[in-house]
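So this first bit is one chain, no partners, the form predicted alone, shown in structure tokens.
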Amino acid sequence: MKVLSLVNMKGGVAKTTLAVNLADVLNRREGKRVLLIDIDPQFNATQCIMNGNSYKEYLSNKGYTVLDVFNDTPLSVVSSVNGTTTIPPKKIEEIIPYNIRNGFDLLPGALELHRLEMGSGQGKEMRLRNYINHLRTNDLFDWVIIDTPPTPSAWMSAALIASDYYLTPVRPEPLSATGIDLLRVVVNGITSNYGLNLSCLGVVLTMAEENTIVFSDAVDFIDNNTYWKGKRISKSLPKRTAIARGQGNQSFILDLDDHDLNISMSRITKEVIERAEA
């Protein structure tokens, strides 16, 4: 089982778009058993897959979320679904993801995640790795894709601690391109502190307009950067307004009538697989 986190410290770079559609293509085109974990307190990946009514019904039926992975003490929450409730801690082996289709599951995010205290020495940052090790031991999935928040946080650390690899989406603009060097410093700090064997699978240029000077400059920057040289995924994800509209209706890129976009996402996925298996 391969565990991959999507990370970037800048928002608006299509990180969630890439995470959701990478999981979808891995399952639909590559025949992989995939679990998508939404560890972002804003739970955007979850909203790309479940509409509001479905999510409320799932919570009403006491469906599990990523909150259950990290919550190791009784937690009182107030929600529009169940009012004020106390969420008891769950055993790792009890947590069952939401099944989207055959071979594709989601561990939904939860707004209440921000209520948890992730202080040093508590060990909560290790709970996601423990959960994923449980999945690995029981051979439940081929790939686990983790969508992380766009800021350095305990949640990003927990995702990286649990991962074998990370993938970085970058919007081809000067601030996004240069910002990945700061990301590298943060990731290296986490890997050093926790003694991780974590590999960078690459950088994906997203929201790309390949015939522009800005895109060419971003390619040159990455390809000539001391650390990132050789890490750029050869195919970029094109800029399309239809992607955002589709996500609002819980549609994936493969559902859109856009041949070039479908090919791009499929080729990105294939290259990710090849690099992970190299």
Ligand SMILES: Nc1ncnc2c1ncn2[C@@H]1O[C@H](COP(=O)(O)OP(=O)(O)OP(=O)(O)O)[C@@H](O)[C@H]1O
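The numbering used is simple: start at 1 and walk along the sequence shown. Everything numeric here is computed off the predicted structure, so don't read it as measured data.
The discussion below concerns the form predicted together with the named molecule, not included here.
- The candidate spot formed by 13, 239 and 244 lies fully in contact with the named molecule in the predicted complex, as each residue has a heavy atom within 4.5 Å of it.
- Note on contacts: among 97, 202, 150, 179, the single residue with a heavy atom within 4.5 Å of the named molecule in the predicted complex is 150.
- The contact residue chosen from 87, 116, 196, 207 relative to the named molecule in the predicted complex is 207, the criterion being a non-hydrogen atom within 4.5 angstroms.
- Residue 17 belongs to the set of residues with a heavy atom inside 4.5 Å of the named molecule in the predicted complex.
- Taking the partner from elsewhere, residue 68 is found to have every heavy atom lying beyond 4.5 Å of the named molecule in the predicted complex.
- Within 4.5 Å of some heavy atom of the named molecule in the predicted complex lies at least one heavy atom of residue 42.
- Segments offered: 244 to 252, 25 to 33, 53 to 61, 214 to 222. Contacting the named molecule in the predicted complex at heavy atom distances within 4.5 Å is 244 to 252.
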